[in-house]
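A lone chain, given as structure tokens: the form predicted on its own.
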Amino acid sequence: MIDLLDTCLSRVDAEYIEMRGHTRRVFSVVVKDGQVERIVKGLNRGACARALVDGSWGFSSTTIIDKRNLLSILTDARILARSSKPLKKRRVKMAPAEPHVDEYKTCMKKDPRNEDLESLVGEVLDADTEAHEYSEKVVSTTLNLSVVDDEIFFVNSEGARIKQRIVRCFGTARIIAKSKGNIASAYESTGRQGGLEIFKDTPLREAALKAASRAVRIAPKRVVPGGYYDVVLENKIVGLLAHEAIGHTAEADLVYTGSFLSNKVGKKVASETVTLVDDGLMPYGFGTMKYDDEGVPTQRTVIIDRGVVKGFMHSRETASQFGVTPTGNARAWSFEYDPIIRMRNTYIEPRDWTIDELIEDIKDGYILRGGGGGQADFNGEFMFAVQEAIRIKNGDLKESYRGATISGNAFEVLNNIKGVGRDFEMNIGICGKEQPNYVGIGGPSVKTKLLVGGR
């Protein structure tokens, strides 16, 4: 693939050209209430070309990988770049980047290409059975297990030739329980970048039983009383906050258009206990890769250092606009998309507080567990669902509640942080900014103050 892309690219002249080839192998199993609902085993393969002509981009892709079609999309990309120039308000410039010739491969003990993937069906069925048998109050289960095996090839007119193979194995469990006429849902996920050994290290059954336990526990509970409270946010919720409500405000394309962090480099926006990082090199991270989809090496990018804004996530284009070095954050979901600025593994760094220390001086508040869906905007305003709220009275845990939401401004929440835990955890995520992509989200539990919604 690399040789074919390089041969075609060398025959076309432009200010700048890049080509990507992408092969994605997917195996996925969905089991619902003891029945196999869907099994997918498929392959998606194609290539794309992106050309920069007189400061304007053109993009074209194909699913037919031969010299004729690759030359055709190169020509189309150049034509589209020229034709789009009159519509551009500003001329595109790219920050310099060293062209690399290299390979990267996910570290694996059990390569899915060498294993019997069909045996995973039984693993999902067994986990589903255990979740149903956990309690008679469990009324519905939906379990998913997936293996996604990506091969990405990149060449550009500057001399880059990069091959990467990135394998992700992961699963999810959604359990619904019913008690005293109430229905409650709980969700857990498992997985990371790596081979099939992941399903032994972090079994789907553990996620399913954890979700079943929570759903059964909160189903008979009352809806949480609303109000402004001191809270301890579980690490999974902190990861969601770090990505959705804070991370997006640090993506340079959104900074450029006026996100909350615009013009705030060097300014304090959070408690000095907060350091926020986007890391493309984290071992086994769900968003880890050695190079982004512009061939730029990834790195550990510090966004907020001890409460102070240090920088943003960049593509080569925005790095040129801001006068900085590219950070390796240009990513594309597949060959059908051009790369845009995306997070990789985004997290708040841990400190040394235990959970007991985080709750001990809370007179009236909650510990919030189990993140759910929600939304956030580019000013840091957010609203997330929370699966379980446990009341804290004078440092002691009391009754549980269900049906909680949390809302507010993420940077006010960061400024209100009074303690950061040591229980750091990274989780899987799929971000939907314009196009989907795999990301890691994480952090430790934190003590802060925010609005808890309920009754």
Partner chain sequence: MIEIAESAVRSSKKLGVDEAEGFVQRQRVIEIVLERGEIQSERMKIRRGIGIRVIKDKRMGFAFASMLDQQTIQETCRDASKLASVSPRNPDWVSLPLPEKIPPAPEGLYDENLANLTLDEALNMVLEGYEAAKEADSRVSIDEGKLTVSSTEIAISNSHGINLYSEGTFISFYLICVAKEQGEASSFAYEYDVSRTLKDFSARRVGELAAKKALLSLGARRIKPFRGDVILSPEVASEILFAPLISNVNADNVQRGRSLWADKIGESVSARSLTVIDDGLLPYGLGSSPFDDEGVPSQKTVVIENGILKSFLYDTYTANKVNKKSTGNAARESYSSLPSISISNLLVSSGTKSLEEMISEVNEGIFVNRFSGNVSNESGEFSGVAKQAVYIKGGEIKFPLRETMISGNAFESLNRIVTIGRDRRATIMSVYTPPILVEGTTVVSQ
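Residue numbers count along the first chain shown, from 1. Quick caveat: nothing in here was measured; it's all calculated off a predicted structure.
A second form of this protein, the form predicted together with the partner chain, is not displayed here; the remarks below concern that form.
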Partner-facing stretch of 345-353, 201-209, 140-148, 275-283, counted where any non-hydrogen atom is within 4.5 angstroms of the partner chain in the predicted bound form: 140-148
All of 190, 366 and 392 within 4.5 Å of the partner chain in the predicted bound form, heavy atom check: no
In the predicted bound form, the residue from 71, 108, 94, 80 that sits within 4.5 Å of the partner chain by heavy atoms: 80
Of 336, 123, 360, 305, the one that lies within 4.5 Å of the partner chain in the predicted bound form (heavy atoms): 336
Proximity of residue 37 to the partner chain in the predicted bound form, heavy atoms at 4.5 Å: yes
Touches the partner chain in the predicted bound form: residue 183 (any heavy atom, 4.5 Å): yes
Residue 60 within 4.5 Å of the partner chain in the predicted bound form, heavy atoms: yes
Touches the partner chain in the predicted bound form: residue 253 (any heavy atom, 4.5 Å): yes
Residues within 4.5 Å of the partner chain in the predicted bound form, restricted to 26-47 and counted by heavy atom: 26, 27, 32, 33, 35, 36, 37, 38, 39, 40, 41, 42, 43, 44, 45
